[in-house]
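This document opens with one chain alone, in C-alpha cells, the form predicted on its own.
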Amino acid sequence: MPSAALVIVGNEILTGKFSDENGPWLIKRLRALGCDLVRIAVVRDRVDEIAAEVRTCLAAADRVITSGGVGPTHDDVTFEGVAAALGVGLEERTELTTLIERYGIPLDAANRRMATLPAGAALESDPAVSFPVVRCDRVYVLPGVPKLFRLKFEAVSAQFAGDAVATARLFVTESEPAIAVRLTAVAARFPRVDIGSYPRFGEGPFQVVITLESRDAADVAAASEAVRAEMATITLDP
C-alpha cells in the first residue's frame, strides 16, 4: 500500500503565531485515499533541518509532502532544503518565470526564487491550479497557505491512492485497565487488524473507545465480533 510522510516547514507553526491546518486535513484526506501516513514533522525555516527531515521521511515512506516555505521572501528556503536532501543543485525554470510575468508579478531577484527549483524537478500541471505542482523525485513541494495546499494536493491526489481502509468503532463502558487483558487477547488473534484503545472521560456512558482498522473488511467484522464477545458492556449509542 502507498505510504506518505509530511514535513511542515515554518517557524510560525513552532512558535504558535499560526496553527497548522494542513496536517489535520491531510491525515483525513490520505486515509480516504487509502494511503498510509507514517510520519509528520514540523521543522524550522532552516535548510539543514529541512534537508535532514526530508531524508528521514524518504527512508520511511514512498512519497514525501512538504508544506510551506516556497514564497519569495528570505525565510522561504524549502526548495533549497529539498535540493540538499536529494543532493542536487538549483536551477531557474523558464516555465515558471514565464508564469510569474504572465500574472503581473515583478520578475525581480526575490520573485525569481519561486522559479528556482531543485535540478530535475517535474512540473505537474492541472486546470485547477495556476502554478504547477513541483515534484522532486518522490518529494511533492506544496505551499503552506491552506487553500493552496489543498488545491495543489488534489491535483496530484490520484498518485497517493490505494486500497480503502475498513473501520469499526466500539464504545465500552468498562475502564481500560479492566479490559486490557481481554483486548490484548483479541489483538493477538487478529494480527492483520490494527486495534486501538482510547480512554475518554465525561463524554457519555462509555469509558473507552475501541477502533478496529484493516484493508480486509471481513477481518474487521470478525475482530469486532470477537471484541463484542469479550466485552460484556458495550454501548451502541455513544
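Keep in mind it's a predicted model, so treat the numbers as computed, not measured. Start at 1 and count along the sequence shown; that's the residue number.
What comes next is about the form predicted together with a further copy of the same chain, which does not appear here.
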(message) Is it the case that residue 92, even though its partner is missing from this view, gets within 4.5 Å of a further copy of the same chain in the predicted bound form, heavy atoms only?
(response) no
(message) Against a further copy of the same chain in the predicted bound form, would residue 58 count as a contact residue? Criterion: heavy atoms within 4.5 Å.
(response) no
(message) Does any part of residue 106 reach within 4.5 Å of a further copy of the same chain in the predicted bound form? Heavy atoms only, please.
(response) yes
(request) May I ask you to state whether residue 120 is within 4.5 Å of a further copy of the same chain in the predicted bound form, using heavy atom distances? (result) no
(request) Look at the stretches 155-163, 73-81, 121-129, 134-142 and give the one with heavy atoms within 4.5 Å of a further copy of the same chain in the predicted bound form. (result) 73-81
(request) Answer with one of 170, 51, 40, 33: the residue that has a non-hydrogen atom within 4.5 Å of a further copy of the same chain in the predicted bound form. (result) 40
(request) May I ask you to list the residues of 182-219 that have any heavy atom within 4.5 angstroms of a further copy of the same chain in the predicted bound form, in sequence order? (result) 183, 184, 187, 194, 195, 196, 197, 198, 199, 200, 201, 209, 211, 213
